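Shown here is one chain on its own, the form predicted on its own, set out as structure tokens.
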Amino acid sequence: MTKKGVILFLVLPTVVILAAIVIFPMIYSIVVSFMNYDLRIPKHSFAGFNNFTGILKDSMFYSSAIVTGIMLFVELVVELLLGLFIAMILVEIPFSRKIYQPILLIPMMVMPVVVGYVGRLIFAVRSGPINYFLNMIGVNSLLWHASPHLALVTIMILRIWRWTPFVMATLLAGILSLPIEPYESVKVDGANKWQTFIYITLPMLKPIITLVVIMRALEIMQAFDIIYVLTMGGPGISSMPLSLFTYLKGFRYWNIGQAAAAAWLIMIPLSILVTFFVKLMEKGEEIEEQK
């Protein structure tokens, strides 16, 4: 067997597995999105673009898109700022880092369903510790996940608590892998810590930040567990993201065709946004290299 044949033989199992678990379901979901696919009915007729138009006429879809947009913006900004802040602190304490870093990573290891149930207990209106401490300082109890105005805030607090350690760990690894020479050069030139951070650390961290933003954006678009356990998208639809909207379309209302159509309506703009963001970061790097 030739060298090329050996390579193909070794790669083939991976390609087959990838096709089985990714490519085939993707193609099948496209087919389903053009059908009147109801799990309770054995035969499924062709629907054309009716599923897509039905989703686009559904006001709940746009409400869910707004909720998802708020989650994307707030979680990305807060997690990046907090994660970068904590990472920079840990860089300054190399000896204590081995103690604090594993402790800070604990929230990321907790199962999201557990986070949801614990969140219900912590933010309980009558018996929750959060409201207890608020009452101690003279503030009335808040409804938290039972309020249409605070339900999404409660969800984002729990999700930020769980995912900030991931951002921190990724950025910390990126900072520790940066070359030392630029720092030695700016130190000789008399730059302070803030100038070093703005002009040296941040520009060199751009690829890591891009990776973190993409990974977090993809996860936020799939956010489900904590929301399902804590609020089920309520009260009403005040905390329902697109992922839960798609789930309910398929498994509560049994309309798999519309659920598949909704999934594609979510995936296409998300793919465009991710590609645009990556190209923007690459363009920024090219401009810096030219300078």
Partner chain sequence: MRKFVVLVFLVTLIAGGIVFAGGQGEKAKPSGGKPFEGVTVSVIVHAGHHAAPWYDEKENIKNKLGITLDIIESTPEQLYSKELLELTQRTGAYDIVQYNSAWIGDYAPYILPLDNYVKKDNDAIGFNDILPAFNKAQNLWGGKKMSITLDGDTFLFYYREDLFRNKAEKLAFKAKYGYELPDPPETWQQVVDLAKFFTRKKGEKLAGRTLTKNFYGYADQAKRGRVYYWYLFRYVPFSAPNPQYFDPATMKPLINSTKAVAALDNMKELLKYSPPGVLSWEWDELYNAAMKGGTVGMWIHWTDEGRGFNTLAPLSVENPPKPILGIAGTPGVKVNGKLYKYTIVDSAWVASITKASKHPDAAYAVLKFMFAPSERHLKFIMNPDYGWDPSRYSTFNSKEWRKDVPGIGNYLAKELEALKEGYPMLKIPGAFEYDDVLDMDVSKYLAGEFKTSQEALDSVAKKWNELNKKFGVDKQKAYYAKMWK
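Positions refer to the first chain, counted from 1. Model, not experiment: these values are computed from the prediction.
The discussion below concerns the form predicted together with its partner chain, not included here.
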task = May I ask whether Met60, Arg126 and Val229 each come within 4.5 Å of its partner chain in the predicted complex, counting any non-hydrogen atom?
result = yes
inquiry  = Please tell me whether any heavy atom belonging to Ser238 falls inside 4.5 Å of a heavy atom of its partner chain, as the geometry stands in the predicted complex.
reply    = yes
request  = Considering only heavy atoms, tell me if Asp38 and its partner chain come within 4.5 Å of each other in the predicted complex.
outcome  = yes
inquiry  = Within 4.5 Å, heavy atoms only: does Gly234 come near its partner chain in the predicted complex?
reply    = yes
request  = Could you confirm whether Asn255 comes within 4.5 Å of its partner chain in the predicted complex, counting heavy atoms only?
outcome  = yes
Contact assignment for its partner chain in the predicted complex, among Met221, Met204, Met156, Ala146, heavy atom within 4.5 Å = Ala146
task = Only one of Leu248, Leu265, Ile70, Ala47 comes within 4.5 Å of its partner chain in the predicted complex by heavy atoms, so just point that one out.
result = Leu248
request  = Choose from 213-221, 188-196, 165-173, 146-154 the stretch whose residues reach within 4.5 Å of its partner chain in the predicted complex, heavy atoms counted.
outcome  = 146-154
